[in-house]
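Single chain ahead, by itself, as structure tokens, in the form predicted on its own.
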């Protein structure tokens, strides 16, 4: 039986502004096994990055977790102190940030980023930490001599590789990758995806992979959770989701992705825009954009239910 690595129960993360309360994540429950790659997909603004930041307890102000549990190896991270989380970050849970240029210190050399991370979490000998830094960058396809460079001296793809090196330096149990290929061209994007696949096989890494690109998700993840306006609306294995998407939103996402086999008139974008998370519509949050919406959808919020192995929150299947 597979070991449960991460279990999220009824998690709510709100941003408290002067004008409104932004319900970025609103009652999300999900779980993943050790060695699994879980994909979080959805439009920009649906709450997937906030969910990733919540797992590692790095939600920016004025956001905070208002309810729910995040169980990591059975330990509730929501109840841990900031000091306990600092010890856990990097060593047991790490994160690959969306833009490595803003997550790397521009006045620190690359070697100092990695060596500092290693020494904060247990390396007592600086030379051993430097040797580990050389080993990491060489494994990721970067000449060890580039450790003497500053972030601005590296290309976007190389900076992303350094961000990956920092994330895996201490062999963590879970890596959260927040759209790590978004700012890269398609050639470098493909290289980074192959690199992540190789690292997963080599170290049996578990990933939460956050992306708005379904094509990228199909390349890497085992299971996909589709988010819409702070909610999980569909959860299934990657093969099942792409072969037989059930939720109208998931179908809309797949139909709106360009494909070389399509003709230009085959694309079918989802009408409308995401609702305001400070004031979501009653009932199903997708109903204003859904071609199948009924009066019940406008009144009542659907719950996730199992339909042939897929979990979907939609009244079409009741």
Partner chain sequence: MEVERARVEEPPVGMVGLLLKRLRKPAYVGEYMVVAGLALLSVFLFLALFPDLVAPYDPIAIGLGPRLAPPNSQFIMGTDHLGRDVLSRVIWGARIALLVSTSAAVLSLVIGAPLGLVSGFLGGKLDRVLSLVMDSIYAFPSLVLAIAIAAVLGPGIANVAIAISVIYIPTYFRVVRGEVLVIREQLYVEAARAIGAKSPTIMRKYVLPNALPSMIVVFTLNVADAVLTEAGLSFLGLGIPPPTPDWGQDLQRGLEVVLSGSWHPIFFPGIMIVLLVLAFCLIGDGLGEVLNPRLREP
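Positions refer to the first chain, counted from 1. Keep in mind the model is a prediction, meaning the values are calculated, not measured.
Keep in mind that the form predicted in complex with its partner chain is missing from the display, and what follows is about it.
Its partner chain in the predicted complex is not approached by residue 201, whose heavy atoms all lie more than 4.5 angstroms from it. At the 4.5 Å threshold, heavy atoms of residue 143 reach its partner chain in the predicted complex.
At a distance threshold of 4.5 angstroms between non-hydrogen atoms, residue 73 is out of contact with its partner chain in the predicted complex. Although the partner is absent here, residue 171 sits far enough away that none of its heavy atoms falls within 4.5 Å of its partner chain in the predicted complex. The stretch from 225 to 233, 73 to 81, 95 to 103, 240 to 248 that comes within 4.5 Å of its partner chain in the predicted complex, counting heavy atoms only, is 95 to 103. Within 4.5 Å of its partner chain in the predicted complex, a heavy atom is found for none of 189, 219 and 254. Interface residue among 184, 164, 154, 136, judged by heavy atoms within 4.5 Å of its partner chain in the predicted complex: 154. This chain appears without its partner; in the predicted complex, the one residue of 205, 129, 158, 214 with a heavy atom within 4.5 Å of its partner chain is 158. For the stretch 100 to 136, the set of residues having any non-hydrogen atom within 4.5 angstroms of its partner chain in the predicted complex comprises 102, 103, 104, 105, 106, 107, 108, 116, 117, 120, 121, in sequence order.
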